[in-house]
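Quick heads-up: it's one chain on its own, the form predicted alone, in structure tokens.
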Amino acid sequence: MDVMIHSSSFLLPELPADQTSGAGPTYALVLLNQHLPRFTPLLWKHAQLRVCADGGANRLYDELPGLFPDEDASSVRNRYKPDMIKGDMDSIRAEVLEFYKNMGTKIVDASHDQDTTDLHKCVAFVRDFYADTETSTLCILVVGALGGRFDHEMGNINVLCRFSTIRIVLVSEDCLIQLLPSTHHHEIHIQSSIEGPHCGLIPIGTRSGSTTTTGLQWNLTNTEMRFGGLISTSNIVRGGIVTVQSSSDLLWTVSLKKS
């Protein structure tokens, strides 16, 4: 079985040399309508495509200037222009919509589609935008997916499962979450300066009949995990590389350091 390699190097001030030479991931950034984490400008810098999901544009307009307290707010807003705003358009304020529209941001009203979430709509757009790009090199970073209403959080996690062939990382102030599909073995390269030590592996959708890991304080060896039984929460990263093999899809989560 092929090995899929994961790294949170997008949270580093500069991408490693092998990622800036054209051989690394293609990053896209999606902003949802929750608090923007402190490293949003860093993710913006590394991304080649930036999309706001409906009210995520309000967060960009309102909150991003606060991350640059020594700069004029209008200067910050002019510098951080999303490529697209897409969604139901039921949350974005009229003045924010007009501001970005006048700056040249593409506006897509998808209110006719009530069967998918705003995140789903944005991920589908990014997928289609990079249709000619190898799927394995595309990585979609999502901020604002965690916090707020629990049903919204679960809907966002469901998007990870619905687009399981695309690497999607949900990033909050405290942690990141991504799907580890059972179609691959996984090698997670830990950026110890920014993430860990707490982590977890959680079966999603169905039980994991067998999961085996290395690099954790409490490793699993052909272990069954299921809700109502054992799930691996509050585990600890103990090495630079964590490996995971599982008979079903798992969610991987790891804590992010405050400084």
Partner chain sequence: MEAMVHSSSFLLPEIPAGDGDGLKYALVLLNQRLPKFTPLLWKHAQLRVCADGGANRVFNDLPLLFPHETPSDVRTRYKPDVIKGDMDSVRTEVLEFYRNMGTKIVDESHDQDTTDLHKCVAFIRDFHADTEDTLCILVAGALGGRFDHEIGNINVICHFSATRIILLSEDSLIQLLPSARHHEIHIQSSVEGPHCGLIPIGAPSGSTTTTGLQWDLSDTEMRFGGLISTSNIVKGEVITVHSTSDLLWTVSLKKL
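Source: prediction; values computed, not measured. Positions refer to the first chain, counted from 1.
The same protein has a further form, the form predicted together with the partner chain, not shown here; the description that follows concerns it.
In the model of the complex, do T26, K45 and K121 all reach within 4.5 Å of the partner chain through at least one heavy atom apiece? No residue of the spot touches the partner chain in the model of the complex.
Interface residue in the model of the complex among H186, K86, R167, H152, criterion: non-hydrogen atom within 4.5 angstroms of the partner chain: None of the other options qualify; the answer is H152.
Of I231, I194, L67, L49, which one comes within 4.5 Å of the partner chain in the model of the complex, counting heavy atoms only? Only one listed residue qualifies here, and that residue is I231.
Looking at 69-77, 167-175, 121-129, 103-111, which stretch has residues with any non-hydrogen atom within 4.5 Å of the partner chain in the model of the complex? Among the candidates, contact is made by 167-175.
At 4.5 Å between heavy atoms, is P181 in contact with the partner chain in the model of the complex? Looking in the model of the complex, residue contacts with the partner chain do not include P181, since no heavy atom lies within 4.5 Å.
Classify N222 as contacting or not contacting the partner chain in the model of the complex by the rule of any non-hydrogen atom within 4.5 angstroms, answering yes or no. Judged by the heavy-atom cut-off of 4.5 Å, N222 is well away from the partner chain in the model of the complex.
Does S255 make contact with the partner chain in the model of the complex, using a 4.5 Å heavy atom cut-off? Yes, S255 lies within 4.5 Å of the partner chain in the model of the complex.
Contact label in the model of the complex: L11 to the partner chain, heavy atom within 4.5 Å: Answer no; every heavy atom of L11 is more than 4.5 Å from the partner chain in the model of the complex.
Using a 4.5 Å heavy atom cutoff, which residues in 156-180 contact the partner chain in the model of the complex? It's fine if the answer is none. Counting only heavy atoms within 4.5 Å of the partner chain in the model of the complex, the contacting residues of 156-180 are I157, N158, C161, R162, D174, C175, I177.
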